[in-house]
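One chain comes next, on its own, written out as C-alpha cells in the form predicted on its own.
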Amino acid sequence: MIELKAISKNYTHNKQTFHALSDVHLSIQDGEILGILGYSGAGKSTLVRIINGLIEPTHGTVTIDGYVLDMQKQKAIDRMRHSIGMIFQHFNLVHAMTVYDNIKLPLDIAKYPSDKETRILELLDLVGLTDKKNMYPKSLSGGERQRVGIARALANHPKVLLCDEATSALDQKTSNDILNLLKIIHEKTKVTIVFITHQIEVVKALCDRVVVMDGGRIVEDTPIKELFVNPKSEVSKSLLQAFKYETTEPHVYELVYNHKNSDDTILSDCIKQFHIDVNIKYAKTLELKSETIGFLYVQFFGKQTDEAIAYLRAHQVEVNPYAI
C-alpha cells in the first residue's frame, strides 16, 4: 500500500512561492486501478513524481509497504524505484536502441538476477510485439511505441505501475487499445495501476476509483460509478459536462439504472400504479470498467409524483432532480 500524509510541494522563484500541492492525503490500495483526474496545472504530475521519488515533498510523508520514503537514503530510493514502473506520455524510448534493447535496459540497470532473454520475450509476447523486437522506435507507430514503454515499465516485476498521461498523445482507437492492454495486464499480474489523466474517458474505461484534483488539492475521492452518478466538486461536474444532458425545462429528473435492474419494467409499472404522465427527454448508457449504467431523463406530471419517485428509489433506481 502507498500512503501519502499531509503532502505539500512549494516552489519559490523571484521571492514568489507557488504551491503545487497543498495538504494532500491519499491511500492507494494494493491491486487497485486508481485514476488521478484533473485539468492541466491541478498538481497531478507533481504528485506522481513524489510517489516515485523523483522529487521531494516540502512537507509530509510518503509510506510504501510500511516504509517511510527517505529522500536522503539513495540506496533505499533506488530499491523503491525498481518496484515502481513508469509509463510516460511521449514514450521516452531510447531511439538508438531496438525494441529488445529498450526493454533490456531497466533489467541491466537493476542487475536482473534471472534470465533476461526469457523475461524480454515474455514481455514482448504480453504487449504483442514479438515480431518487432529488432526494430527501432522511429519505425513504430505511436501505439507500438507505447507498448514498448509498457513492456519496459513492467520489466522488473513492479508492484506499482504509474501512467502519466499515457494515452493523451494517441488517437482514440489506439488509446482504447492501450487501455484494454492495461486491463489485461492487471488481470494477469494484479499490479497496482495509478493513471494520471485529464481525460474523463480514460477513467471511465479503466479505473475502479477516481481522485479529482484542483489547485494542488484533492477535491473528490470516489468510486468510479459515484463520479458519474453524483459528482460532488465543481471540477468533477465540469469534466463530466460532455456526458450530461442539458436542459432548463422544469420537472426533469435523472433516473439512473445499473446492470441489475436495466431490463426490469420498473418505470412502466410505476406509471400504471401511480397514474402519472412521463415525458421521456433523453436516454443514454455509459460503459464503465465493470458495469453498465443507464441514464434516463424524464419529466413527471401527476398528483402522485412524490409517491412514484419513492417507488422507483425503493426498486434501486436512483432519482435526482435535474437542472443545468
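In case it trips you up, residue 1 is the first one in the sequence shown, and so on. None of the values given here were measured: they were computed from a predicted structure.
This protein has a second form, the form predicted together with a small molecule, left out of what is shown; the following refers to that one.
Here the chain stands by itself, but in the model of the complex one stretch of 265-273, 59-67, 280-288, 44-52, 44-52, has heavy atoms within 4.5 Å of the small molecule.
Taking the partner from the other structure, the small molecule in the model of the complex has a heavy atom within 4.5 Å of a heavy atom of Ser40. In the model of the complex, no heavy atom of Lys15 sits within 4.5 Å of the small molecule. Mapping the unseen interface onto this chain, Leu312 falls outside it, with no heavy atom inside 4.5 Å of the small molecule in the model of the complex. Proximity of Phe301 to the small molecule in the model of the complex: non-hydrogen atoms within 4.5 Å are absent; the residue sits far from the partner.
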